[in-house]
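Coming up is one lone chain in structure tokens, specifically the form predicted alone.
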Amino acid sequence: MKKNKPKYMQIIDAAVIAIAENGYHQAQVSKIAKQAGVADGTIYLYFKNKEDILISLFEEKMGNFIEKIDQMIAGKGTAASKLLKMIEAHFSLLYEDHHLAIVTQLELRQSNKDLRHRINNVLKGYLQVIDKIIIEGIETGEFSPDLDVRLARQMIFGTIDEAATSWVMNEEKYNLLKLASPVHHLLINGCGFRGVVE
């Protein structure tokens, strides 16, 4: 598998920086190769083209994130506390990686329709984690019993995503991590929260 080859993640990490600094359309494969410290041709041993690099980058980073979230919310804890952990983890990931924040919140949105469709497929795993938390909250009586899961998921993901995008658009002038608690408060109230946050 190409993913196990040593230069695969080196190229992915270099692509995050090159795309963040130059913009997706200006980040030629040669710039990514230079950032990675490899020859241009080496890129094509791992990826078909620049679009393939962008999708692979998103799959890797999002895949690791979903895995991390799944482990964090497994086992004990209320649905509300799991949602808070998820929001904190989402904001932390972007807060700690300036380049990744620019790529995921701005550059991925400027890609073509086919690329966005493939990115949405990767996002499904994250949306399933949100669904799991919502359904648990309904089943335990923490959230309103007539809560529409699909609508609640859109509200949760949309709010988290917009808060992160606004932070990037404002050149990260404030501490994104401090928004986790107020965002969480808004969201659980939107879900008809009827309990005590752990």
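Please read all numbers here as calculations on a predicted model, not as lab measurements. Residue positions are given as counts along the sequence shown, with the first one as 1.
There is also a form predicted in complex with another copy of the chain; it is not shown, and the following applies to it.
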As a check of understanding, the residue in 40, 52, 70, 162 with any heavy atom within 4.5 Å of another copy of the chain in the predicted bound form should be identified as 162
In contact with another copy of the chain in the predicted bound form (heavy atoms, 4.5 Å), from 62-70, 28-36, 42-50, 167-175, is stretch 167-175
### Query
Has each of 93, 126 and 129 got a heavy atom lying within 4.5 angstroms of another copy of the chain in the predicted bound form?
no
* Asked: Does residue 147 reach another copy of the chain in the predicted bound form, with heavy atoms at most 4.5 Å apart?
  -> yes
| another copy of the chain contact at residue 76 in the predicted bound form, heavy atom, 4.5 Å | no
May I ask you to check whether residue 9 falls inside a 4.5 Å heavy atom distance of another copy of the chain in the predicted bound form? no
Problem set entry | Contact label in the predicted bound form: residue 88 to another copy of the chain, heavy atom within 4.5 Å | no
Contacts from 151-172 to another copy of the chain in the predicted bound form (any heavy atom within 4.5 Å), listed N to C, are 151, 152, 154, 155, 156, 157, 158, 159, 162, 163, 166, 169
